[in-house]
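For this one, two forms of the same chain are given in structure tokens, first as structure 1 and then as structure 2.
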Structure 1
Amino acid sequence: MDFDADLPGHVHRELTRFLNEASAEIRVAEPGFAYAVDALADFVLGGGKRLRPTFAWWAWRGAGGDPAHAEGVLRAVSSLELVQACALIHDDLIDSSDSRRNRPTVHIAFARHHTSSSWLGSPEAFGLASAVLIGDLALAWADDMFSTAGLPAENLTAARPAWRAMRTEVLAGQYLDVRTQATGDTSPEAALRVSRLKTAAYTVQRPLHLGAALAGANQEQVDALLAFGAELGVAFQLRDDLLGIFGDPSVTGKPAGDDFREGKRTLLVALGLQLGTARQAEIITKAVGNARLSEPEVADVRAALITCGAVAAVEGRIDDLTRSALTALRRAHLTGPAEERLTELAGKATQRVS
């Protein structure tokens, strides 16, 4: 079967199949857990661009993956969506976010379920605990889906280092993000460290590594793809930072200015403080971590970031990183349409509106 034409659709079908199979036994054994399982399935199947499986797929194709293993590879790379689900559910909880994809976040939805059910105890504590456990379930099931993809043992063994590194790096990035907020480190270097681990590694770099390893790529190809993924992944995060402040909430699915309310020390913030006047730096500083930041105050921060040149500097960094990434991609010498498709993905990842 040719999966190239509608890869996101095929990923969606694989996820649907796996989630149905993985949940069947526990639904019978513990009917009370069905609500939590349904919430995870709704979260995974209810949206997303399927970027991570797409990067992994084209790395596998470009590194000369055996077509006979296509179905197994599709299943293996689809498991990356469950890793993302874990990261997003936990991230929303850590950041106290109320919405994602224009819907209540998992911890908020479960707190409301607690209230509407007139249960005992704190709705907020129940929502918090539920989100932690559902995120953990997503990560456990990601490993199950990857391990049972039906690929030869040698292929899975070759891809395991990329899989292990990805899981460790995304958690390390999450921790560094929390730590940076706690220490108040507003340096550009700290912001970029978080971007490289929290986003670049598990969004682009390790999915590419995973796909290439499943194909039996040589080290030169792997190194070139890792370089491509590292640069592009940071550019992706920098675009996300801009959208968090300037994006349309109806498109992004999250309120504008939430990064400030959550206290995110992004590169945009770091450059705003570095380049701004004393007054502009004061406006930015007061906004970071202000949970009650109003729309007029968000507008003031936007104006300060634009006027001081921080927005232009981040846009310039995105362009530089994208060019560097595409140079590295050409060194991978991928076969078939893979280089063209990955170049297209680079454009969509760094110039997107949501």
Structure 2
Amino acid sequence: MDFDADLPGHVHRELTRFLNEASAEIRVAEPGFAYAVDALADFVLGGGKRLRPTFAWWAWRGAGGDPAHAEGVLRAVSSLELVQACALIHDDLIDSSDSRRNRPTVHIAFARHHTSSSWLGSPEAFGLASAVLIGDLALAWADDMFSTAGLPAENLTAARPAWRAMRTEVLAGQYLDVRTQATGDTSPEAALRVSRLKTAAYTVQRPLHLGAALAGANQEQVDALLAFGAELGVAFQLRDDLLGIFGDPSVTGKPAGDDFREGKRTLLVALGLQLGTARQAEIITKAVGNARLSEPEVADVRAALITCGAVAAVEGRIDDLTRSALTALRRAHLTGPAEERLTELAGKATQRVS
């Protein structure tokens, strides 16, 4: 089918088209707002793996979606990138992150714009306001793009439960993430709860659910895809945890060791404490939540995690989860090349380097 090859390219094209359409009137009516709209477009079109639209697309294809709806489905699943833009822009503000994809985050960029324009008041307050409002615009436009994708009403209605659940779950995940850090709950269970919402549900399960529902899939197929997504989502998160300390910053776009600096409790950390010697456990314990963790200290943590067997154990867990995810995927009885492509995607997501 059209779009199967170079799906990210087609998603990019749909996003470009929608952003042009959505901003045309307000750009003319309120030129002062154009700078904010451009910042959103740059953010959305500037990068990202288009993972969520890709999962949704293949679920739709595999569940036997009507080829006559391909264009509308492409548009509907592309809107997931606008939800993601809101999530990232607001997350970066909440976490006070300075950079993403090797560029300044939105609140930082707008604070700098304020400073370089020699405006009145606090640059940080202007950065905060801009990031809040640009994230809101992304969320409102996500709904506009999804709802006006040009799909028959019955398909949209069938997909609404997945759309609703996805947005509520990512916000619940973000809130619980912040709350867990505040309560100081360092259990791997708390970390797992957050990653189940932010990674498994929001990134994998709901996009698959959405795509399948748009195709009019039956409950059995949806359930099999949700099971696939749940296992794969956890595997994806475990790979993320490994990349957070072992990844190459020039590829991941963020400094190695930041998970430790932010005090994130992961399965990797829990296993390190459990399997390590007293000395290794001490190195790991001291690193978690140490905002000023140095590069040599990160190297020590890496050595401790490898030597004690925690890394091998997490790698083994990723393999097991990926295998049982693929078993669930086969139960979905997808048609065409979808099973193969989702299998490939599962491999890439769990073995990626960025």
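Since we're looking at a predicted model, the values are computed, not measured. Between two forms, the rigid core is the largest collection of C-alphas that superpose within 1.5 Å. Each residue is numbered by where it sits in the sequence of structure 1, with counting from 1.
K.L.:
Of the two forms I pasted, which one is the form predicted together with a further copy of the same chain: 1 or 2?
P.N.:
The form predicted together with a further copy of the same chain is the one given as structure 2; the other form is structure 1.
K.L.:
Is residue 278 among the residues whose Cα moves by 2 Å or more between structure 1 and structure 2 after superposition of the rigid core?
P.N.:
Yes.
K.L.:
For residue 268, does the CA position differ by 2 Å or more between structure 1 and structure 2 when the superposition is done on the rigid core?
P.N.:
The answer is yes, as the C-alpha of residue 268 shifts between structure 1 and structure 2 by 2 Å or more after core alignment.
K.L.:
When you overlay the rigid core, is the Cα of residue 95 off by 2 Å or more between structure 1 and structure 2?
P.N.:
Not so; residue 95 is displaced by less than 2 Å.
K.L.:
Report, in Å with one decimal, the C-alpha displacement of residue 287 between structure 1 and structure 2 after core superposition.
P.N.:
Here the C-alpha difference is 4.0 Å.
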